[in-house]
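Take a look at this single chain, the form predicted on its own, given in structure tokens.
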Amino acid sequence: MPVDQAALDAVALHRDEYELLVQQLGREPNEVELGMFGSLWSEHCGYKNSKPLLKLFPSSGDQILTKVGAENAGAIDIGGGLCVVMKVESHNHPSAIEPYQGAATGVGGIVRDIFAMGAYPIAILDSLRFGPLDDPQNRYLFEGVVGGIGGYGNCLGVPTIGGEVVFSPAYNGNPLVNAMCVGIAETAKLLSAKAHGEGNVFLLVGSDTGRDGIHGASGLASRTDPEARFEEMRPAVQVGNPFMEKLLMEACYELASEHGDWIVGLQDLGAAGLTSAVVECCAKGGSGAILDLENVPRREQGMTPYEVMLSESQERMLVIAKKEHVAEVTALFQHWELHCEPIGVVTDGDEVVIREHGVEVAHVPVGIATEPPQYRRQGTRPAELMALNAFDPGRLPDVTAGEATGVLLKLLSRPNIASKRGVFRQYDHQVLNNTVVPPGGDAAVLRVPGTNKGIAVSTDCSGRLCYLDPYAGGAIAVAEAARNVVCTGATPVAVTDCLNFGNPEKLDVYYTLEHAVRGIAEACLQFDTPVVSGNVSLYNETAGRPIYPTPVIGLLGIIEDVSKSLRAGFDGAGCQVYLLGAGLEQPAATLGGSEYLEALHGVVAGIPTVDLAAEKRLQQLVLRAHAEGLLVNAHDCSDGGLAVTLAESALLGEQGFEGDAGLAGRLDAALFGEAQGRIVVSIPDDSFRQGGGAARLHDLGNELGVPVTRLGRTVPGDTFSFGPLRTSVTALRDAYEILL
């Protein structure tokens, strides 16, 4: 009897997809098989609407060790026999339902992706979006998410070292919770998520299996409007245990680093639980499997095969052990006081056969399960963009000299610009003792354990700019992440991304997804930063309204000598301050999509632009100037424009500043416009001597075609002045250091 629509809705399959499945199987699937196919063919696992677009990303390079999408995370060779492993993922819908557990298990999941590769996790970053905090529901979500990230990461003993927090009505009811993790591994000891070798054994390690998380992949992550389906979807949110994960992390790392020859593969149990872990490992290894579910440890009585296969209980790993080493692997995990149970064997077939007490309950062809239908649509440009892009900020009255200081203080107190100390002080960012540049600046910097190398990492995206122009916004997200990393003295090398969008079946949403992907791809090509891993989170909508298109970029940079890393704050009086990149006089168009325009005029409109070739030259200038020892500090210009950048540099360095550059044209554009491709740097005062750093900085700028503009100098005391801006560092701090 054909399945009814309610059953299809429960696993997020369209009727035509079900009919395709029946055609390929040559029969009707049973209940367990339907649940498994629903999860494996979901957007979260199968990337039905995004995989054709993701092929546009550059994904290879001399330092890249993995094929994108083939492993749990991407690996980048950093020399000396070491590699960095990194990935970013979303836990948006679970966090909208249960913010603490949703965020906590998001951290747990991304950390498992890293140690599943045989790497030791050394840092967590988060990229968060919420509605305005004056709404009690948004406040509840914000506090729960921040608490969940801190609670899990702190207990796990992995530092949370950076990220971003953004607020906009576009995220009301649908917060974005993206977590990134970075790990270090010996290149020769990287592990793969593959099952092969007939007779090798599947071992299920870690927590017992419960009923939490069922339909997480097919329900929460592949449906619309979590707010409207709160009670229905609440059981689909996983519950985390960071202390169990700590044991699991240490045990898996010991297995990888000391006994990797005992196993053929390692895979975490995340979305779709056992279903995804087993089937995808078999697909990657060209094998089949026979599972015996009676061996799966359970924490609840009466669980059905359907529930066991689709449970997303946390802190579980699947180990594919060589048959001759099962006893040794089991003993290792038992030493760490972890369950380690044989639940099946690898076969030389191409099907996953699932049994319970000798009775076959599912028979799943691996090829069908891992090749869901893919959709390549012809998107349509959102209708409202024509009017929004035609908006001319030049029609608005310019800010007066007398108003400028008040505007700066107002911008500094805006939640999107103000200090996030109230967030990151809840995170332990010093545990493991590798943090060199902590949160609060452009990018965080970590020492690579046992070496003098450093890595810089940043997460970035402006959903507001992507809303106004998804192509330019996607490119700008990469450009800003790269600028942040460059401002620490690191060379950008690779990207991981998390694409957060609305319902792709709506052609205007699909348009934004495609064009953002194209913008990211173009920027990654320009900066030679291939995309090595990532995640797609679609169907982010509330009451039929999509979030801002938000393609979050996590970018990695390498510093050869971590002791020479730069910081964002001014460092000492008497330094000369310069603007590198687009100069002081800017057109009114640079106010488009700016924090100033929304704060002062309540308008989100205009059209962002970016010159990727100029961005590349700017990055080269900063890196070359730093390599020659010219720079004292560097800070990227972004939200709030040049005035906010100078204020932040003064605040972060607790240093006064006096500007003496002349301002021409519109004051609002010069001070608060958000022209791309600009970095503020400082150099020692003695650089004005003949042959000194100032002359050399200008020479490098001329050589690379990058404007170099002197702005003023750092001074002792509390003074802050630039053009019409007249205030004190104390007043700046009073505005900036609000508690979110």
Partner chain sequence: MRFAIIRFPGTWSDRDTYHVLHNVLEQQADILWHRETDLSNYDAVVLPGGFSYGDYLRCGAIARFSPVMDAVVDFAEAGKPVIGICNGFQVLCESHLLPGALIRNQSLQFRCQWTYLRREGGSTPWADGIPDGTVLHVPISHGEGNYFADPDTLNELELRGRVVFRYCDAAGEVTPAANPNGSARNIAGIINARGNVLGMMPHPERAGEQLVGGADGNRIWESLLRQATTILAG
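Residue numbers count along the first chain shown, from 1. Bear in mind that the values here come from a model prediction, so they are computed numbers and not experimental data.
As for the form predicted together with the partner chain, it is not shown, yet the points below apply to it.
J.: Would you kindly say which of G131, P546, G148, P242 lies with a heavy atom within 4.5 Å of the partner chain in the model of the complex?
T.: Residue within 4.5 Å of the partner: P242.
J.: Of N503, N172, T347, N154, which residue is found within 4.5 angstroms of the partner chain in the model of the complex when only non-hydrogen atoms are counted?
T.: Result of the distance check: N154.
J.: In the model of the complex, which of the stretches 331-339, 462-470, 390-398, 493-501 has residues with heavy atoms within 4.5 Å of the partner chain?
T.: Correct option: 331-339.
J.: Hey, in the model of the complex, does H515 get a heavy atom within 4.5 angstroms of the partner chain?
T.: No, H515 sits far enough from the partner chain in the model of the complex that none of its heavy atoms falls within 4.5 Å.
J.: Taking the shortest heavy atom distance, is V361 within 4.5 Å of the partner chain in the model of the complex?
T.: No, V361 is distant from the partner.
J.: Test of understanding: in the model of the complex, would Q301 fall inside 4.5 Å of the partner chain by heavy atoms?
T.: So Q301 does not count as contacting the partner chain.
J.: Does N433 reach the partner chain in the model of the complex, with heavy atoms at most 4.5 Å apart?
T.: Looking in the model of the complex, residue contacts with the partner chain include N433, since a heavy atom lies within 4.5 Å.
J.: Pull the contact list for 109-123: residues with a heavy atom within 4.5 Å of the partner chain in the model of the complex, in sequence order.
T.: Contacting residue: only Y120.
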